[in-house]
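Before any questions on binding or motion, here is one chain by itself as structure tokens, the form predicted alone.
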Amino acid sequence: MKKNWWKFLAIILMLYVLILGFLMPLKPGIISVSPQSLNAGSQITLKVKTYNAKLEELKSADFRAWLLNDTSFAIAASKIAVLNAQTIDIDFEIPTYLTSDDKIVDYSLVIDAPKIGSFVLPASIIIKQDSINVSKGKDLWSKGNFKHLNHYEGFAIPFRNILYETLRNTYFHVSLWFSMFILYLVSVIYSIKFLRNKNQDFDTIGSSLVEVGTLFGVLGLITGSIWAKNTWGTYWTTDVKLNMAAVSMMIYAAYLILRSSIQDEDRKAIISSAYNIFAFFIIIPLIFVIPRLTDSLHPGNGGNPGFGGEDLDNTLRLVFYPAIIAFTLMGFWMSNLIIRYKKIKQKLSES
């Protein structure tokens, strides 16, 4: 029992990840605003569609809203009307002049209310001005005062436009790849040990770790493709990050084919161990270096920011890090079962 504590930990963490990962609600957010193009000096009513805001539980008087430019200048809404659980009308009186000398300026919409907190749709409104007078514009636009914004009451993961509920895939897609690299790294250590000591057990351990790591990599590709379909509209693109990930899996698929094609056990172990070491150091630049040198849709590459700061906030970390540990422990558990199977098979073949 004491030897298997890590297996019980893996089960507990995986249940924790599944339950909390799927049941934790998303914070309220703004899905869309209409119209998106406004003219300076006009009065306009914005129809705003929200997500998971439960607006009907609050009164119109509880809401505040602003059009914000560069966190420096803002105008407050003149009137707010709740239409239904997720839709709200917001009236604005747009000043004649803007605070910029550009003809067209992007503004963000900020909504704030008790319980549901404050949420923003960045660069959601385009305001056009025919005449430019920056000094008058700064007089007309009051400086934004956001020191007393409400906070969301409850425990929820952040709302991110486009991603919506698919943000939960962070717990699985990203965690699987983290675990895959850990399994591959440990397999490389055992491959080096085998080449130094020629202990067949080291090769068995290394190859088993590669097999499970490759399975996790394939699952990572599948979960990534599902995520891409929901966010990019297609299961696969010509994106360099995706293609390099696919190439990496092909490299390890070749490893598995190589092992199955060599009959002599000693020769198989030596060649595959050497291949495994080189394969690991090849996929590092394929996945982490090359995608950063060119444009990429994938977060964290080609100037496209990855998860960090508010994207990977504390509520996400409460599930994300345990997910990495859970998948890694599961990977070692699966590898352990494969190792035992191989040893039993070897004994049976020798008897």
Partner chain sequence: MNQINNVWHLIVKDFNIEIRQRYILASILLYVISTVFIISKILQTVSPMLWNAIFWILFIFTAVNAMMKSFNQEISSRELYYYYLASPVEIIIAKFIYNFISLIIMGLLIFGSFIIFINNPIDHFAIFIVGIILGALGVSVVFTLVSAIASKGGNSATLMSVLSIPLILPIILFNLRITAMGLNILGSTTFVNDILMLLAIIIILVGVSLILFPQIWRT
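Whichever C-alpha set is largest while still superposing within 1.5 Å between the two forms counts as the rigid core. Positions refer to the first chain, counted from 1. Since this is a predicted model, take the numbers as computed values, not measurements.
From this point on, the text means the form predicted in complex with the partner chain, which you will not see here.
This chain is displayed alone, yet in the predicted bound form one of W141, F202, Y275, W227 has a heavy atom within 4.5 Å of the partner chain; that residue is Y275. Scanning I257, I162, A81, I104 against the partner chain in the predicted bound form with a 4.5 Å heavy atom cut-off leaves one residue, I257. The closest non-hydrogen atom of L185 lies beyond 4.5 Å of the partner chain in the predicted bound form. Residue contact with the partner chain in the predicted bound form: L286 places a heavy atom within 4.5 Å of it. By the criterion of a heavy atom within 4.5 Å, T294 is counted among the residues contacting the partner chain in the predicted bound form.
Contact check for V218: every heavy atom lies farther than 4.5 Å from the partner chain in the predicted bound form. With the partner chain left out of view, the stretch that reaches within 4.5 Å of it through heavy atoms in the predicted bound form is, among 121 to 129, 248 to 256, 227 to 235, 71 to 79, 248 to 256. Across the proposed site, S261, R267 and I290 without exception bring a heavy atom within 4.5 Å of the partner chain in the predicted bound form. The Cα shift for N197 between the shown form and the other one, taken after rigid core superposition, is 2 angstroms or larger.
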